[in-house]
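The chain below stands alone, shown as structure tokens; this is the form predicted alone.
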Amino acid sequence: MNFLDKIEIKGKKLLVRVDYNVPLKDGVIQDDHRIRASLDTLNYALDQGAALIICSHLGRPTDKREPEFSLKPAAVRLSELLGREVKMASDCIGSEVRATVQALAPGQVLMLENLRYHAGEKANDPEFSKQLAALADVYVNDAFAVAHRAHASVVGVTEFAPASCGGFLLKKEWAFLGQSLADPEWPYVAISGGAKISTKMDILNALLDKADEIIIGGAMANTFILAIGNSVGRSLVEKQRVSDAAALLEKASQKGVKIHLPTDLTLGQGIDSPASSGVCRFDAIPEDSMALDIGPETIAQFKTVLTHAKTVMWNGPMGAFENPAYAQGSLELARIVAGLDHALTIVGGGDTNVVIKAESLSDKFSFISTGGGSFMSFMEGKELPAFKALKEGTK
């Protein structure tokens, strides 16, 4: 698989697939991290004398042209960050777009309109893919966050592009997730949180073959607590997954992998409750209460586990962190992992990233993945469609 620095791009037009699926409120970008993440690739290409055609999706438009899903705000912000004009196309394919692209000179930048305004994007339609590929001399994928999607701008386009490669953000993800975690330095501790065990079962099973110890928190821990014979009151739980949780605990025991579950929990009446109703042991959750965060004893326990780790992979918060009353476990864990100067620390998943940003700790981690679903798929050992397409489409 080729990356951008291995291809001659001077004087060429590049179709760069980025992930500018940014949060908007009244047309104003609330977080430009994803745009900033693409700057290394874009600035390099411009410095090399290329013309750029930027393409991305935004949100989930239900018809062809919902204006609130336009990429115009992203074009404005990118222009500010690059310090040069970013022209906005009226569409992403069609005669008008082709004419605009044809007139692009080296050093100029064009933003295509939302790819998902066309059904052919998600359908990986060959005709749509062909029209995208025809716009440029080189296709560059720099959108790891959609690398698990077999969409036209991720997969199909590589079949028709004259040349295909990965950008620097994709290269960084490949290096940290693919290389660092393929042969991690031991001890390797994985942290898994979030709401549902059903979305994490595959990655947990995969981790049993890699990690020395696994920390489990968040609402998904409730299913494990139920699996070992304890009541969880009104806590969120997936009863249909209790047997899976029990089987995973047994498998971990057989493999010698230590699973760490919460020993105490912060209680509340609901995720919107303005204050917690105290802390209790994991085996004494009242029938009328919900476990909404890990407790102080658990935080201390997890800190002890992490102290000697050389590699840490974290995905998923420890509780209902959106509510300050139940954010302490996630925030404290972020501080603990950020303080592991001797360890390689890798984070993935949107919610986990939000926790880290809330504490202004982003620069204290070795690597923060831009992927959510793609990060999960990669960690499960699956070959992502984007990587497969780039390998097969390299010319």
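Residue numbers run from 1 along the displayed sequence. Note that the structure is predicted; figures quoted are calculated from it, not measured.
Not on display, but discussed next: the form predicted in complex with a small molecule.
Stretch 317 to 325 is the contacting one of 251 to 259, 317 to 325, 112 to 120, 74 to 82, since its residues have non-hydrogen atoms within 4.5 Å of the small molecule in the predicted bound form. Within 4.5 Å of the small molecule in the predicted bound form, a heavy atom is found for none of Gln131, His151 and Val155. The small molecule in the predicted bound form is approached by Thr352, whose closest heavy atom lies within 4.5 angstroms of it. Looking at Ala143, you'd find every heavy atom of it more than 4.5 angstroms from the small molecule in the predicted bound form.
At least one heavy atom of Met376 is located within 4.5 Å of the small molecule in the predicted bound form. Although the partner is absent from this view, Val242 stays clear of the small molecule in the predicted bound form, with no non-hydrogen atom inside 4.5 angstroms. Though the small molecule is absent from this view, in the predicted bound form it lies within 4.5 Å of a heavy atom of just one residue from Cys165, Ala219, Leu135, Val189, which is Ala219. A single residue from the set Ile271, Ala300, Cys280, Leu208 has any heavy atom within 4.5 angstroms of the small molecule in the predicted bound form; that residue is Ile271.
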